[in-house]
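Only one chain is included here, represented as structure tokens and corresponding to the form predicted on its own.
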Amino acid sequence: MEIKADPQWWKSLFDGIYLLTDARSVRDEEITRLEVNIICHLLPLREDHWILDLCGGQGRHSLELTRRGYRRCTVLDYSGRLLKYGKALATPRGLPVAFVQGDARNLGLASGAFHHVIVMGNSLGYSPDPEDDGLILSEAHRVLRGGGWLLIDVADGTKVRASFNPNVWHEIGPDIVVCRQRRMNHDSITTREMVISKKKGLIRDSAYSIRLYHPQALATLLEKVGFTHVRVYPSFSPHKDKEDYGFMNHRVIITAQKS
């Protein structure tokens, strides 16, 4: 059966239900700490550096970085729901994270404003137009200062293809079941996601499509945009068990510098 996704699915999917269905990755504090450990290890961070958490959702990485003393973090995301949730986490804890709603293809932020840009959680490949990812990376390059660093965390397309499973499901507590049907296309995976309550019935029936990147292809794209010192760190996953976490099982970290 063919699965069709709205080309702009990403404008509406990231809400409270997403925080429920993907909680094993995006609301697990230990997972976030392990991911931030990688950021701190690979980037030359200083406490006075400005950090842009691009496509950062509720800002879980920025919140953890701020707890560690990096108190100049800005989260930019399209989803107002996720940003509102992040602010509700930051405010009572006294964490001075800035939350900005915007489009990653046209940030509206000053050029050269940041020492580092991080793009975590497989936040590329959402648009059916490959040029949109080039725009996102070009914007990241523009807002970096000279000598600044970009770090990207994306699914390893090669390994995702090799371990592809067309039908998966998992339970969340005693009531919620998440079922995913997947179809492999030429360079992407399209997924139908059904969220079902045992008590109330169907909560959501949606579809999304994400382009897969082979690590070297993404490294080449970064060089085309103007980045130098591109380095690929393969086989990254903070998940220790063998459950299916969608695009979060097999990931690759790539760092690059603006000259």
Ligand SMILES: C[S@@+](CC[C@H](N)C(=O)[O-])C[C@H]1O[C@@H](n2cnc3c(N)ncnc32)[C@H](O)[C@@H]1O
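Note that the structure is a prediction, hence the values are computed from the model and not measured. Residues carry their position along the shown sequence, with the first being 1.
This protein has a second form, the form predicted together with the named molecule, left out of what is shown; the following refers to that one.
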Can you pick the stretch from 89-97, 113-121, 137-145, 170-178 whose heavy atoms fall within 4.5 Å of the named molecule in the model of the complex? 113-121
Can you tell me if residue 55 lies within 4.5 angstroms of the named molecule in the model of the complex, counting non-hydrogen atoms only? yes
Going by a heavy atom distance of 4.5 Å, is residue 195 a contact of the named molecule in the model of the complex? no
Is residue 105 near the named molecule? Define near as a heavy atom within 4.5 Å, in the model of the complex. yes
4.5 Å heavy atom contact, residue 61 and the named molecule in the model of the complex: yes
Contact residue in the model of the complex, from 82, 73, 150, 154 (heavy atom within 4.5 Å of the named molecule): 82
Could you check which residue among 43, 218, 26, 225 gets a heavy atom within 4.5 Å of the named molecule in the model of the complex? 26
Within 3-24, the residues that have a heavy atom no more than 4.5 Å from the named molecule in the model of the complex: 10, 14, 18
